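A lone chain, given as structure tokens: the form predicted alone.
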């Protein structure tokens, strides 16, 4: 099988994936999107005869546009652009989860400093302000007071890209010092881990400690429903424990799994490639988002 891998930097995650693909005898075409040009009708020569493409672009903007071009060419791509479009935008992510009846933190969006401040005051302190586009916990703020809110809103309105003028405000969830990352393929969990930290942000990229986590039936059901809500594929579903239940706060489409592979009791890249082989055999061209 000839499999294309879109990338802009080869991280440990991509090394694990590429190694597993090559061990199984697949022909792998590494495509650095920084060197490519995407026309309206013909794909880049490197991707002209691949069976399927795996998007591993580091930059969200490249991921979203490259997958849309691939879909327009009729080339199957993981994940498809419709899923990427939802997962890359926290507001769309929240709307998709809520629309599917998946429990997710209370969230509101405002477009001016004044309406954002009203929203924050109604939420109460602390609450959380997030950029609609972004990952690894960057530019997220836990707001503990009105004065802090005023300063952050002023900075975002004055200095930020236009996306920072979309104020995405969310309730602060009192989690037990950790959250849960689940790697799933079309809603089926591959493995899960908890990410623990004394800091309110528990991203592995920010130094959180990780250990394997055994999912119960409720968590498995939520992972399946969250995956379906955004269109399925190879996804990272993030949950927080809320007493005796869970809330899903985000679904990620170019999910990292090196930390998970380091603690899981299963072969994570092996499981991913098992699924990828199955998908490639039955793949249909992705649809371009309307």
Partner chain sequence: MANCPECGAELSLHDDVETGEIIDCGTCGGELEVVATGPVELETAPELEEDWGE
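Numbering follows the first chain given and starts at 1. Predicted model only: the values in this text are computed from it and were never measured.
Keep in mind that the form predicted in complex with the partner chain is not shown, yet the notes after this line are about it.
Listed stretches are 218 to 226, 261 to 269, 46 to 54, 27 to 35; the contact stretch with the partner chain in the predicted complex is 27 to 35, by a heavy atom cutoff of 4.5 Å.
Although the partner is absent here, residue 134 lies within 4.5 Å of the partner chain in the predicted complex, judged by heavy atoms. In the predicted complex, the partner chain lies farther than 4.5 Å from every heavy atom of residue 240. With a 4.5 Å cutoff on heavy atoms, residue 245 does not count as touching the partner chain in the predicted complex; it lies far away. Although the partner is absent here, residue 281 lies well away from the partner chain in the predicted complex, with no heavy atom inside 4.5 Å. Each of 9, 59 and 256 is positioned with at least one heavy atom within 4.5 Å of the partner chain in the predicted complex. Listed residues 98, 139, 173, 91 were compared with the partner chain in the predicted complex; 139 is the one with a heavy atom within 4.5 Å. Within 4.5 angstroms of the partner chain in the predicted complex, the stretch 149 to 180 places a non-hydrogen atom from 164 alone.
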